[in-house]
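Read on for two forms of one protein chain; each stands alone as structure tokens, with the labels structure 1 and structure 2.
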Structure 1
Amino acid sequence: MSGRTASLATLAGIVLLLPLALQNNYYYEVAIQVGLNAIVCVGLNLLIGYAGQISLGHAGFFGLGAYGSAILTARYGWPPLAALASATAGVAVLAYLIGRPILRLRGHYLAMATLGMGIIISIVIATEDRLTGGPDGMPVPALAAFGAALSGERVWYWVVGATLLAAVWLALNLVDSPHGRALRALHGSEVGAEVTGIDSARHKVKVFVISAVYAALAGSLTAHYAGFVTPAKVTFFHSIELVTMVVFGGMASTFGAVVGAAVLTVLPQALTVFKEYEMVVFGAVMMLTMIFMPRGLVPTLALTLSGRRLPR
């Protein structure tokens, strides 16, 4: 069994068995939230972890997916599945158009450009209140497939779980293909990749679009699941949360992205017992893990378990 199949099987096992531990709807809600965030992170990890290109604006794509679905269904009466597909496709086109000029930038300049993009999207969403409901948000019709509306935490658990597994499967395939090697190569050395025949600009844009599609899809699903969208999930802070999940779980590890999403989605729920200390603890956890495990949780654990010392 290859490493790819093994990690996919492990994840499928967890998705299948987890309901045994989910005692009530609240637990299901958290699990669904984990799954939705994990979908975004798996895509974002392709961009950040594998291709080495930072984005501080992916909450923008998430938001466009969510609001695209919301507006098309609620304001224009589209069937939810068509809205979901169109919103995601629209985000893909937008990401392509933005990505071409933006991804010529490097390092902090790219960070700034993606950050600016995300903030512009969030401001537009918060301001165009006739369409989006402004800061108050807007209701979204439920997702219906084959004549039946999907509702209830238990149904959604399986929808999100299946989508996550598909997202992970596709990502693992991509990473383990000439495309994925090209992405990792341009992360390792961009000139080195170019002189071996890799058009780095094209590959960067491609992975940017893929990661945007993952975010938009998760956004659409979130909107239909929650039945309501607000600009809260479109903010700069949410972009940061997403990047943190990826880096915390472990860059260039698809499994790590899922684990990062899980830990950092559950942690704030657990931290609510600390009330006013929540922010302090969250910030401290972020700092400490990055200082002591700069490679992230999963790669560090994998190396520790395999008994190798960390190379510098």
Structure 2
Amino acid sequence: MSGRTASLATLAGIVLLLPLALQNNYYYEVAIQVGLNAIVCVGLNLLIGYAGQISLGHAGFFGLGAYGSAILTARYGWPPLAALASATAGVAVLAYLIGRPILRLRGHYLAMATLGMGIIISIVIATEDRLTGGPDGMPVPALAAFGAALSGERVWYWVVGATLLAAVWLALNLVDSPHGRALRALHGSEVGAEVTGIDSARHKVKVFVISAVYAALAGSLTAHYAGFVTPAKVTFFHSIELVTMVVFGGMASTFGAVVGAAVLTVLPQALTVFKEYEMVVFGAVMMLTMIFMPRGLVPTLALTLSGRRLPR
């Protein structure tokens, strides 16, 4: 069994066995939120970790997926599954149209462009009251499959868990494909990659669209699970949270993205015992992790367990 297969089997085992430790609906709710954040982070890690392209506006794609499903089902009476698929496809088209011009930029110019994109999406969602409900948000009908509505934390746990496993499996296959090797070459040196015949523009746009699809899918699932959607998840701060999860877990590590999402989703819940010092402790934990584990949590632990030293 390859290392990739073993890691995927381990993740599947965790998803299957975790309900044994979940005592009530609150724990299921946290686990579902971990899964939804992890789906976004797995896609974002393909863009940031493997391709080396920064995005500070991915919460915009998350919000478009959520509001796309909400509007199509609540305003126009679409079946939820059709709305979810259409919203995700629409975000993919939009990401392609946006990605072609802005991915010509590099470094902080690219960061600023994606930041502007996210802010524009956030403003549009918050101000289009008639369509989106504005700052107050809007209700979202329950997700239905085969004539039955999906309800309850336990049912949604399995839906999100299965989606996460599929997302990780697809990401691992992409990373091991020729496209994945091209992305790693771009990350190392874009000029060098182009000299060897790699079409950098095409590969960057492709991975940008894939990462946007991951975010939109998670957004649509979040909207149907919560039954209500607001602009709070479309803000710049949510984009920063997603990037932080990827960096914390370990860039260029698919399972690092999952672990980063899990730790930074659960940690604030665990730190509530510190009351007004909660954010101070949270910040200290992140600082110490980055100081002593500069490559991120999972890559550093993997190197430590293998007995190798971290490169300086």
Partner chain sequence: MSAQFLQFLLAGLTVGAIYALVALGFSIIYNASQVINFAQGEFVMIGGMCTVWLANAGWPLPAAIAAAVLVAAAVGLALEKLAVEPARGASVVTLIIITIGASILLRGLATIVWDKNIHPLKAFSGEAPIQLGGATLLPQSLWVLGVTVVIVLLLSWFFGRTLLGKALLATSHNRLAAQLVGINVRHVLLASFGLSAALGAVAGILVAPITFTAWDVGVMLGLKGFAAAILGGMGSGPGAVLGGLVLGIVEAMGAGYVSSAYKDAIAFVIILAVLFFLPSGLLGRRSSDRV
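Each residue is numbered by where it sits in the sequence of structure 1, with counting from 1. Definition used throughout: the rigid core is the maximal C-alpha set that superposes within 1.5 Å between two forms. For clarity, every value in this text was computed on a predicted model and none was experimentally measured.
In this pair, structure 2 matches the form predicted on its own, whereas the other structure does not. Relative to the superposed core, I54 undergoes a Cα shift smaller than 2 Å between the two structures. With the core held fixed, the Cα of Y277 is displaced between the two structures by 2 Å or more.
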